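Two forms of the same protein chain are encoded below as structure tokens; each is given separately, as structure 1 and structure 2.
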Structure 1
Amino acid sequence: MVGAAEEAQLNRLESQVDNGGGGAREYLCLVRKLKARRSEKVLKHGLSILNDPKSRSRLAGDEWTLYEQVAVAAMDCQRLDVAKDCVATLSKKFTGSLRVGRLEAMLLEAKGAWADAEKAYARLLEDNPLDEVMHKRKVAMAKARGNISAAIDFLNKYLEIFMADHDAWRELAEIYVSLQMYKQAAFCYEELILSQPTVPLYHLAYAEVLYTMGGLENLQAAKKYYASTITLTGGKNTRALYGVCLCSVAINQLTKGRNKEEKESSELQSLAAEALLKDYKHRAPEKLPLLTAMLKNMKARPLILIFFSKK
């Protein structure tokens, strides 16, 4: 993921190149380094270098890397003629290269020749079964064809080999959520939390899956993960604050008559409601009446009265 400082640096350099200030090569190198998706700019500025013999000669060993970068950008922009020329140049220079073979398979994919692309990836994976990019291309291709069951199958097989790939676990979780397969999605988020316990996004997503599944045990767990999200974000995650309130109300309804559980749930709900009121008062005071009405409906009225009496 590109950080704010890196994004700003990339934007400054892009503006400089677009306005004729030079630095195209540095810009393209930074795009590669950050793995940013700027296909139109890469195609434009990359071609300007490759089509100029003098500029191309200054690239030395980076010339072939740039051909690859422009080929991928051209496929993304559906400039298949440019992509074909770049791949052909690379194929002539590196005959039998696995990396070039991968580009050839991607070109087939870009053309919509799904069957041929699938055969090409299968053939390449026989020689190199640990190539992450080709496994991911198979997943992308299945999704592009609308074959979600195949995408799930490919992702599961991929994760059997590359268990530490957080992006793959998250993608699989999101697919399961879209199919309302919440137990499977919950398992994916559990894996993410185990491997990256300080990422609040995973705690929040897991809490929402548990809340959606419902039931007392799931609601209690959801409330805990909403609370951990609040802790990890320094109390600034509005979605998690709402989640605590909703879970507390649902738990109170299910545990009516169990005084201890009702009390604990109400206390946490009151704290979350107070944080929401303060946040809205500071950032969106015009929406405070809407929040007040909603919290009253969620039985947070006693807290609201106390809060406004302090103003």
Structure 2
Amino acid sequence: MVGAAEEAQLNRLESQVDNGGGGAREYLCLVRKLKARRSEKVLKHGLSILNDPKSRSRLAGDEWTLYEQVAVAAMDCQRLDVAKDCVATLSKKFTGSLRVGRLEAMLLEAKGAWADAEKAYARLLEDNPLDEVMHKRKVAMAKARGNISAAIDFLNKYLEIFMADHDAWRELAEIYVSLQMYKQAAFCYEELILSQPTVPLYHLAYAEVLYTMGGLENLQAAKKYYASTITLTGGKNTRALYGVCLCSVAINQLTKGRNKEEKESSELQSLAAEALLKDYKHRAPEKLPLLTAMLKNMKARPLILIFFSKK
């Protein structure tokens, strides 16, 4: 989970290191801690540390973790020569280690040698059948080869054993959404919300899946989850505010013919609209006329937009 202050710190360190100020080591530690995927920067600054023997000796114990981090970043930037060198150094130091074996198999994956990588993972899994990271790499490999149904199978089997792994639930939910299997995706997001109820982004994603599925009950539930996202983020999440407005409009359209007494109050919608107007006035005043036009349109003639859950 990346908080707002941590993101600001990361960006500040990144611009500082890019412009030649020191602090490369803190930047790399922060990237490792926040699990951000900034492979180009990591590669550039990590190599600058590793190529300089003075700063390398200053790293002491951290040196090998840095090798691993740079190796993975090199694979992501498709610099397989750098990756091979890093992995070779690591395997010279830690021969026969599981972690280094995993890196070697990942290198085979990055090269595109899927059969060899599979054999390497199978061999490593024989000795360590309960290694989570390797099971997840198998899923990633199936996804990379385009075999999404095999990826889903592997991931389901993995989740039967390791039910508490929320990264895996998140991955499964995203795969289901990409295949438009929204009911299953909703189930995955429910598991995520159950295990971590204070993360607003799960509530937001669940609300969006419900909104996409449509139907009166789903829309009412979606409105509730958008509202809980607003509570958990202190009203700062623009997407949730929009979601509340659109859900209210869609619900009103669906219940147009019904009894007037059963209609819910439109307080939530007006409050959300007010909050949106204030936010736009503060942060993007040139887009304010677009927003007022859209809100007026929504009251006159409701539109239904389909939201796709994407990051």
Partner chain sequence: MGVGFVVGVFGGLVLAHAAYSTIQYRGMLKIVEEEFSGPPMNVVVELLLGLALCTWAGLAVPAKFLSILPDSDENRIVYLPANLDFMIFNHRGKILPTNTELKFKI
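Values in this document were obtained by computation on a predicted structure and should not be read as measured data. Here, residue number means position along structure 1's sequence, counting from 1.
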{"item": "Number assigned to the form predicted on its own in this pair", "value": "1"}
{"item": "Where one rigid part turns on another between the two structures: hinge among Arg25, Arg56, Pro129, Gly235", "value": "Pro129"}
{"item": "Size of the rotation between the two structures [smaller rigid part against larger, C-alpha superposition, degrees]", "value": "16"}
